[in-house]
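Take a look at this single chain, the form predicted alone, given in structure tokens.
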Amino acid sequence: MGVASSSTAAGVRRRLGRSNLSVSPICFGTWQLSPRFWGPQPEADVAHALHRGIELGVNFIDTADAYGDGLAEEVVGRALKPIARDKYVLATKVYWHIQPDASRYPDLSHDYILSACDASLRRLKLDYIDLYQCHSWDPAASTQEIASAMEKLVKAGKIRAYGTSNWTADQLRAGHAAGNFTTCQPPYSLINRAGEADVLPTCMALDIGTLVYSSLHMGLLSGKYKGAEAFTDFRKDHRDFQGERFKMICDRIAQLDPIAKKYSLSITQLVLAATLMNPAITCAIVGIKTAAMIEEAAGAMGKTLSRVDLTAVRGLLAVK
């Protein structure tokens, strides 16, 4: 299955679905480079964090053309320039057709996929993309049309593998019948486990590698909040970061501390280790802003909990 793993001198590696990509179970996420959601981020800090992650064995980096309307790919491309190409696996996405006035619309048409890939390669300053993902489901494009474009990119050497993001279980099955969609990127955290009902079991059954995003629930599962903080980014409008619910969740997370200490882990590391014990999850994407953040996240790789403690962690985070 997609979570087969091995330990090498470079760190823990897992096979990503049916692809031949070998990736770290922690994936360096770059959604934070979308100013509309997170505000501006110092490029030097992100570049330093990315370099530090590679030093620690985090070889998997996820971005998208939609993050900052190309900004994230440009920042990542500049940061990766001095790094040997075989030291990392780069994933990006296609879906939003961004127009000159910054408006956008869904587009997974055959020709747009081909042109968008070329644009991403230019921004990233790369000859090929390791994993090219459909950012969401386009109701106006057939899976056969999408697969045809992706296969052309594979044959041209522009991408090594292709996959999906935010597709339902039924959509994944349709893609599996039409082409070699080897991965899926669904939302998942120990607070938001909706994917356990259908998407994750489907990925296991079809040997589709999963890289789950928001694995720390937009930072809430880091354990650094007390429940009284105010936010200026998009989280200010999210119910899990407001009022009594926010405080209740923070209190639950604080109760993880004795379990984390038992394993000499931080709460962040405990949550990531527990997340990665799900046999359907290949990788957990963690949004990284600083070197300290990737150092902490990388410390979860290769760590496991007893079933008793895993059950306790999941129980504490089972909020409705």
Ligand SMILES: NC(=O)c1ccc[n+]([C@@H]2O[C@H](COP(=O)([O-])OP(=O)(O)OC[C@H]3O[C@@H](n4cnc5c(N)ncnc54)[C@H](OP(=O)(O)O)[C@@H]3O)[C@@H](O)[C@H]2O)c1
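Numbers for residues come from their place in the sequence shown, where the first is 1. Quantities reported herein were computed from a predicted structural model and do not represent experimental measurements.
Unshown form predicted in complex with the ligand; subsequent notes refer to it.
is_contact(H97, the ligand) in the predicted complex, heavy atom dist at most 4.5 Å: Because no heavy atom of H97 falls inside 4.5 Å of the ligand in the predicted complex, the answer is no.
Taking the ligand as it sits in the predicted complex, is G53 near enough to touch it, meaning that at least one heavy atom pair lies within 4.5 angstroms? Flag for G53 set to no.
With a cut-off of 4.5 Å between heavy atoms, is G219 one of the residues that contacts the ligand in the predicted complex? Judged by the heavy-atom cut-off of 4.5 Å, G219 is in contact with the ligand in the predicted complex.
Is there a heavy atom of Y88 lying 4.5 Å or less from a heavy atom of the ligand in the predicted complex? Looking in the predicted complex, residue contacts with the ligand do not include Y88, since no heavy atom lies within 4.5 Å.
Out of the stretches listed (273 to 281, 44 to 52, 254 to 262, 23 to 31), which one is close to the ligand in the predicted complex, meaning heavy atoms within 4.5 Å? This holds for exactly one stretch, 23 to 31.
With the distance limit set at 4.5 angstroms and only heavy atoms considered, check whether F60, N180 and T210 all reach the ligand in the predicted complex. Checked in the predicted complex: no contact with the ligand for any of the three.
Please pick, from H110, R160, K224, R78, the one residue with any non-hydrogen atom lying within 4.5 angstroms of the ligand in the predicted complex. Checking each option against the ligand in the predicted complex, the one that comes within 4.5 Å is K224.
Suppose contact means any heavy atom within 4.5 Å; which members of 163 to 193 contact the ligand in the predicted complex? Heavy-atom contacts within 4.5 Å come from S165, N166, Q185.
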